[in-house]
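First comes one chain, alone, set out as structure tokens in the form predicted alone.
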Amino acid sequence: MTPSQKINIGLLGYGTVGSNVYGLLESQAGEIEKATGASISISRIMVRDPSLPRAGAPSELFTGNFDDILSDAGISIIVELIGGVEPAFDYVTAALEQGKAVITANKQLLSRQGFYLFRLAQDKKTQIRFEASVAGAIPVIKVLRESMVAAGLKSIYGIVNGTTNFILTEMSRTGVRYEDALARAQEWGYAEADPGEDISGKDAAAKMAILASIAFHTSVGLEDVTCAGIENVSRRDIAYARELGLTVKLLGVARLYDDRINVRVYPALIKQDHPLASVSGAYNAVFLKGAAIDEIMLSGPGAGGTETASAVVSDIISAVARRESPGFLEYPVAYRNLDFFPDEEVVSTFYLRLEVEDEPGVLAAIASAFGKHGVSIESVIQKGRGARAELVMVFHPVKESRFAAAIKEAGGLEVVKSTPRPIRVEGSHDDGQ
């Protein structure tokens, strides 16, 4: 029997994900060796304070010095799990410069410096893999990089943040306020103590920058993604949505319009019979639509230490399996230079709830304000609340620039007593050319 090659790994970070990666490599060592023909083990682990006791790995593996890992000629793969842009960027760059393969789960790093690192990996004839940076255990990056090369992708959309999906699911399922649903998410471990990146849409925006870049072979940075969060979604909106046969989700959406791209994150209403409507809790789901494939859906756990660690280990196995001669699929460089399609030119359908004075002529005045800008109302629900009433309107598809102008005018009417906060309705208009 031919002896297995030994592959040594340097691990940066030993938090929830890092410790699970170590545990999976240990517990599944036999299966991994059969799959790769290599004996894979973590030989050094970098942490802030190596003197602290840690469960799982022997204390002699821990170091506080990155150079101990970088200078070790026996380490051929570095797994970066410390997060953030700095010093992660310096560490990953140094590893690639030395020809070491890199596995990372760092969406913030990739959404800001991804294509520099991809190009560097290609120049140094090594690999950078990042399945765990988007959608946890769902292999969407692998599918985009390997299975969708000839699919003619036109759009990617879906739920890519488990925290906000849990919050919206709880609001819909139990009728609780946003604040109570957030507190529950924090109590159950689905939200951080500071959930700002999640609820503002920034976490999803970073992930959509990565997905759009890989899918459309162009450079999309975090700064290119417009995002809005769920802070202003109320349980009243969720209740009205249910009445209209709709449900609220925070969606990431990337679409091609001829040779231009538009990438955004925003709360959206979708029909209750749409597959995304049933994606609940902290689960994620991504739809891929293309000329050759019509539409496919990938779904599964979007977060969690074990799930993310599973994606990291999958990348390790892929890197080892292709260690001798990595092909062009290992280099997701931008060979296209697509312009961006302006948000204001996108055609969308909107839902809007307004608190108004309950008196004759109010609806006519509001309809007139929208009509001046070529915006027509498809349906209206009106409910009295004492001296005031609530108007819930769904509009026909319209360019967003027109709708923004109409909202500004309608919101300035004396009879309107609430700040207009529209929500897009997905699935009722064209999604790209």
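Since we're looking at a predicted model, the values are computed, not measured. Residue positions are given as counts along the sequence shown, with the first one as 1.
One more form of this protein should be noted, the form predicted in complex with a small molecule, which is absent from this view; the next part is about it.
> Note which of 47, 393, 366, 375 lies within 4.5 Å of the small molecule in the model of the complex, where distance is taken over heavy atoms; exactly one does.
Spelling it out, the residue with a heavy atom inside the cut-off is 47.
> Can you pick the one in 117, 81, 214, 261 that has a heavy atom within 4.5 Å of the small molecule in the model of the complex?
Only one option qualifies, and that one is 81.
> Look up in the model of the complex whether residue 87 has a non-hydrogen atom within 4.5 angstroms of the small molecule, and give yes or no.
It does: once the small molecule is placed as it appears in the model of the complex, residue 87 has a heavy atom within 4.5 Å of it.
> Just checking whether residue 108 would be counted as a contact of the small molecule in the model of the complex - the rule being heavy atoms within 4.5 angstroms.
Residue 108: yes, in contact with the small molecule in the model of the complex.
> Quick one: is residue 410 in contact with the small molecule in the model of the complex, heavy atoms, 4.5 Å cut-off?
Looking in the model of the complex, residue contacts with the small molecule do not include residue 410, since no heavy atom lies within 4.5 Å.
> Against the small molecule in the model of the complex, would residue 17 count as a contact residue? Criterion: heavy atoms within 4.5 Å.
Within the cut-off, so yes.
> Choose from 275 to 283, 345 to 353, 98 to 106, 172 to 180 the stretch whose residues reach within 4.5 Å of the small molecule in the model of the complex, heavy atoms counted.
Correct option: 98 to 106.
> Indicate whether the candidate residues 165, 229 and 421 are all in contact with the small molecule in the model of the complex, with contact defined as any heavy atom within 4.5 Å.
No: no residue has a heavy atom within 4.5 Å of the partner.
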